[in-house]
Each structure stands twice: as C-alpha cells, then as structure tokens.
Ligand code: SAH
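A lone chain, given as structure tokens: the form predicted alone.
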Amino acid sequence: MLCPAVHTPADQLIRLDTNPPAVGSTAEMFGLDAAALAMCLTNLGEPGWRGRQLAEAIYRQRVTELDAITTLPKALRTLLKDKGWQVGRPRLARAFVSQDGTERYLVEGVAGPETFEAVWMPEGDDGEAGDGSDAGEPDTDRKSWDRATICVSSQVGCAVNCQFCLTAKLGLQRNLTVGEIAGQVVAVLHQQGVEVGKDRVNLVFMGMGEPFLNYDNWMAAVRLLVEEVGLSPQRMTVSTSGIVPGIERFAAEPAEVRPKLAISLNAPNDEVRSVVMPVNRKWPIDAVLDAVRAVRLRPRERVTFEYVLLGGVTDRPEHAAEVARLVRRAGFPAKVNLIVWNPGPGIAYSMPEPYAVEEFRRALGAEGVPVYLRRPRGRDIFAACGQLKRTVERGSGSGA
C-alpha cells in the first residue's frame, strides 16, 4: 500500500486514509500534512524531504495539478498519477457578487456531489472587534481592502435545526473532509490573490454546519491551515451552538493551534432558547457556560456571545437585561455580537425595528457589557449570517 497505517498520539488529529486508491479511482493529497505526504513518498522509494516539497506546492504555492509541481521529478509525478493520486483541492464552481463587495461561492468538494458554501467579506463585518486580538484592526492599504474575512463551512447542511436559519432547511447531508474544509479556504485565498503573512485575513467557522459535530475533521483542518498554510489561529474564530462535548475537547487544544471561541446564544434564557434553538433542550445555557469555563483564554482574549435579534422574540429591553446578567454570571471575559436577523424564504420570523436594535445595544452597554453590532454582508445574494442554503435564484453568478 502507498501509505502504511500510522499510529499517532491522541492529540494528532490529522486522520490519514491508510489504503491506496483502488484501480480506476483517485485519492486526494489535499488534507494530508507534510509528514503524511513524506510517508507516502518514502514508501515509493523517494526521500522523505520530498513530502515537504509537495506540501509547499499545494498549500503555499496553491498548485492544483500534479504536472505543475515542477519541484518533483517528472517521473515521480507520472508515478503518482499512475497510482491514482491527485491534488484534490475543492473548486469554486460558482460565485455570486453582492452590491457591498461580498462574494458567496458554491464549492465543489471531492467526497460527494453536494456543493457547499464559503463567503468572502472584504473589510469583514466588524465581528472581530473587541475580541482581545488585533484581528479587527486595519492594516496598511495594500489592496482595495485593508482586511477581509472568510466564512468557512464544516458540513453540507446542518443537523442543529435552529429555527431562524436557512441552512437548517437542508438538514445534515454529510460532514466535510479535512481537505474540503481547509481547501475552501485556500481556494478563496487563491481567488482573491491573498498573500499569507502580508494581508490581514480572518477566518470564521460560521458557515454551513456545526463544527463541533464534525470535530475531528474540523480541528485537523485548523491544524493544516496553521502548520502548512501559515495562517494564525488567533485570526480564526469557531462558532458553536453549544455542543458541550465539543467545547470540552476544544478546551484541551493547545493555544498554538486553538482558534477563538464564539457561542451562538441567540436568546436570553432557556425557555426562549429551547424554542428557537432545539439543541438547548439537550445542553442548556448553564451547561454550555460550565464547559466554556474550562477554556484557557489567552491574555486579552474574550469569548464571543453571538446574539441574533428576532423581531418581537429576542429583542426586547427585558431580554437585554437578562443577557447582561448572563454575561456577568459567566465568570470569564466575554463580549456580545448583535446580529440583526437576516430574512429567508419559509422562515417565520421578522427583522427587528431599527430603534429596538439600538435600544438593545445601548441597554447592554449601560450594563457594562462590551457589545458590537455586526454589519450584514451580502444579504442580496443570500450570503449573510443564517442565509447559506446553496441558493442560486438571486445575485449575479459568474464562473470562479
């Protein structure tokens, strides 16, 4: 077999497919780290350092075809192709461009026919402000944008069934692989001409799916993005609906690869939250807070509470007072990101009135809670928070 079975420590989350591709099939390199690629090449009689060459080509140089990896001898490239191997990076199949510059991509993966989505937001949506890092601070103007945010999916569809979210209408179709999660990021970086280490780009794992219900693949993708692509985990934020076992695993991750944490709260108490987010019936708010307390935060780091304002449901002044009390009793550094609900077909909620949004924000601020209002990005192309459903009816499509 091309890559032998590997026994790795429990904290090494890169899962390798140890079987070679069957005759007439292909296997993807994208998703394997340099050490795994070195092992594959060693078993072909090649020196292990060629694994680093291969990783450099597909993750840093963003090469998508074996024939273009000119640091490898032509005979080796031919051998790899004959063995059924390919780079296998996901492809941006279609793009929708918003009036505000946001771009929503339909992404074609390698593990199934379903497309999934990634979103590019030049200048971000202010969601990083006040999180204790410098992710929200502008950089020198090197391009038409000072900073940008990529919203990343972890699953096709979602099983959590938040009642205000269009993605929930899809249900869960499948988990994305390590290569599909990391690959959508690299594909967008390539599409936008991002120079890692020079351009200020943040990642938010807030696209389709619940990352902590695909924990192994998601965390392995994070390691790949940090160690092979060269992105900083302090410019990454993962949002969870409150999957307590996932938060407990997250708390054990080393700081050098751990993203920042956001909790999708969206309600002031268990009664309301259990209606709008059925997951709360299994893991209520206090259980989530208990799990988050185990996360060892970096200096100045804050946990983010994401709060979707639903007109007449979660946007009243008394709700703001409850949220303020919740943040205080949490006992860890935190801030609140307010999100005005983004409408979608078949969702029986309404947008809050502008005055209600401002009153809610002011009420939290008066209670001493750090609060920020996230700007909606890409509403006109179904790219805003809660709108990802592989919609193709609106927006201007173009090949990517």
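For every residue, the number given is its place in the sequence shown, counted from 1. Only a predicted model underlies this, so the values are computations on that prediction, with no experimental measurement involved.
From this point on, the text means the form predicted in complex with S-adenosyl-L-homocysteine (SAH), which you will not see here.
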(request) Answer yes if any heavy atom of Leu176 is within 4.5 Å of a heavy atom of S-adenosyl-L-homocysteine (SAH) in the predicted bound form; otherwise answer no. (result) no
(message) Under a 4.5 Å heavy atom criterion, is Thr240 part of the interface with S-adenosyl-L-homocysteine (SAH) in the predicted bound form?
(response) yes
(message) Taking any heavy atom pair closer than or equal to 4.5 Å as contact, tell me whether Ser264 reaches S-adenosyl-L-homocysteine (SAH) in the predicted bound form.
(response) yes
(request) Report whether the minimum heavy atom distance between Leu364 and S-adenosyl-L-homocysteine (SAH) in the predicted bound form is within 4.5 Å. (result) no
(request) Considering S-adenosyl-L-homocysteine (SAH) in the predicted bound form, find the one stretch among 312-320, 202-210, 177-185, 79-87 with heavy atoms no farther than 4.5 Å from it. (result) 202-210
(request) Counting non-hydrogen atoms within 4.5 angstroms of S-adenosyl-L-homocysteine (SAH) in the predicted bound form, say which of Ile339, Ala38, Ala55, Ile69 makes the cut. (result) Ile339
(request) Select from 27-56 the residues with a non-hydrogen atom within 4.5 Å of S-adenosyl-L-homocysteine (SAH) in the predicted bound form and write them out in sequence order. (result) none
